[in-house]
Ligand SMILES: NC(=O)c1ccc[n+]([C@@H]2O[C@H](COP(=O)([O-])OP(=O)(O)OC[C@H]3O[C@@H](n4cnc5c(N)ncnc54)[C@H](OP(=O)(O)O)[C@@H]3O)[C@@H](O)[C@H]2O)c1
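Form predicted on its own, single chain, as structure tokens, below.
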């Protein structure tokens, strides 16, 4: 790799470590910036990846470039921001002290507005919205597993074209889009299921075998689709079905749903939402940046989004220590309550 092709991953969490491992294994000079605990873990164990197709790879600890502060990003030509949405403004301010003009900064975060937040603090950089549609789970210290299918997505920009061959070599196709907001809304619709998965206490595939949990998912998505239509927003298709058909799919009888779903999306038994992991580790989730976006949009339109508002409230209660594992019928009744 050319020295000008140094990559920095700011936010060595599940996504950051997985993407960083794939790029490093493909020959990129990658620096990972994360919490001291994670950095120490990687120094002890190295960094490995695997995926639902059986591919796997390893980056020895001695080959890793690691840091805990923004100074480790100095000199990077491409910075992948993978922190939680609530930390974006803080990270943007820190990066503003070290990044050279013209650095490409790609947000690989949940939510809709992270690239805007970064761009306001990094006006001399090429800041672009991106998205990771697949699920990543940790299997062991320093080992990260892609548990669902999907490719990386980003806003079309000439600054990213030269990076596409690197991502392709890493097995992470980087698709560029003219209408990135539509793609982000499409991903957000699917992510409305994250708090349902977190509250269920189940892996995603097991949750999808439960009719009541699927109906919870259908309620959240149907409500969001109505709000998006009222706002004139057309989300991109993220599955073989148009978004407006997904709630009907979720309501199908178990046998028919499972047969159709297996053809649409590969999900292995390890897959869990990032919100489930947040609850397990006592962290604040991103529910405000996902279901909360539907609630906020509804309010701007003078409407309400009670299903998604209840999911936000239930997640906040769980984060505050009132966590309970909900059955499908219990959660469905709660979401339907007036």
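Being a predicted model, the structure only gives us computed values, none of them experimental. Numbering follows the first chain given and starts at 1.
Although it is not shown, the form predicted in complex with the ligand is what the next lines describe.
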| item | value |
| --- | --- |
| Heavy atom within 4.5 Å of the ligand in the model of the complex - residue from 184, 193, 200, 135 | 135 |
| Contact segment among 72-80, 91-99, 237-245, 212-220, judged by heavy atoms lying within 4.5 Å of the ligand in the model of the complex | 91-99 |
| Contact test in the model of the complex: residue 180 vs the ligand, heavy atoms, 4.5 Å | no |
| Exercise: residue 143 in contact with the ligand in the model of the complex, heavy atom 4.5 Å | no |
| Contact label in the model of the complex: residue 311 to the ligand, heavy atom within 4.5 Å | no |
| Interface membership of residue 35, the ligand in the model of the complex, 4.5 Å heavy atom rule | yes |
